[in-house]
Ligand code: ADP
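Single chain ahead, by itself, as structure tokens, in the form predicted on its own.
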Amino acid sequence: MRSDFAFLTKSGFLGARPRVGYYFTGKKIYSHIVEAIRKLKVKDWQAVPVVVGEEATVYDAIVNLFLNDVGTLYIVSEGGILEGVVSRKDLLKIVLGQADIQKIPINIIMTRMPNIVTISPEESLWSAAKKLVEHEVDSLPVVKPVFHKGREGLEVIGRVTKTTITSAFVHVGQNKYEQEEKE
């Protein structure tokens, strides 16, 4: 088999059949990239969530934000149930107001459920990227439904950020490049 036909066949651009020969499959070059991206699952790329209890103060939240080097904190109740989200912007607004941040509870400024965009571990990373863009947020909590003390809720089990998405896309691009070099 000619090396150029072998490459095009392995890439999926050409098909090969006995007695027929080579034929164009109709696949566009970007379809391979799209396929690779859509196969990536949130569960394989999610990072450890950074959570604080709903009894924390704004000061506690700011300290956690900087110690963990993140842009978003997830506020949880007992059992790890998602109650709210606080971003850098939320914390900056309250600090600029010159309030006593050591006395203000975090639940005063957090965005509450059901106004939080979440994602499940089984969804695609492409879906996570789409949610980040559509809702103009920096981070999504990865959640699973739980039943805790007679109440349904969402347990935070991970996080997906813009950096997560970027890392995954770089990985996909790098793997495609390395595979092409080997062939």
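The structure presented is a predicted model; accordingly, all values stated were derived computationally and were not measured. Residue positions are given as counts along the sequence shown, with the first one as 1.
Beyond what is shown, the protein has a form predicted together with the named molecule; the following relates to that form.
- Contact with the named molecule in the model of the complex, judged as any non-hydrogen atom within 4.5 angstroms, is confined among 50-58, 120-128, 139-147, 34-42 to 139-147.
- Using a 4.5 Å heavy atom cutoff, none of E78, I81 and I157 lies near the named molecule in the model of the complex.
- Proximity of T111 to the named molecule in the model of the complex: non-hydrogen atoms within 4.5 Å are present.
- Taking non-hydrogen atoms only, I62 never approaches the named molecule to within 4.5 angstroms in the model of the complex.
- The closest non-hydrogen atom of K89 lies within 4.5 Å of the named molecule in the model of the complex.
- In the model of the complex, the named molecule sits within 4.5 Å of a heavy atom of N115.
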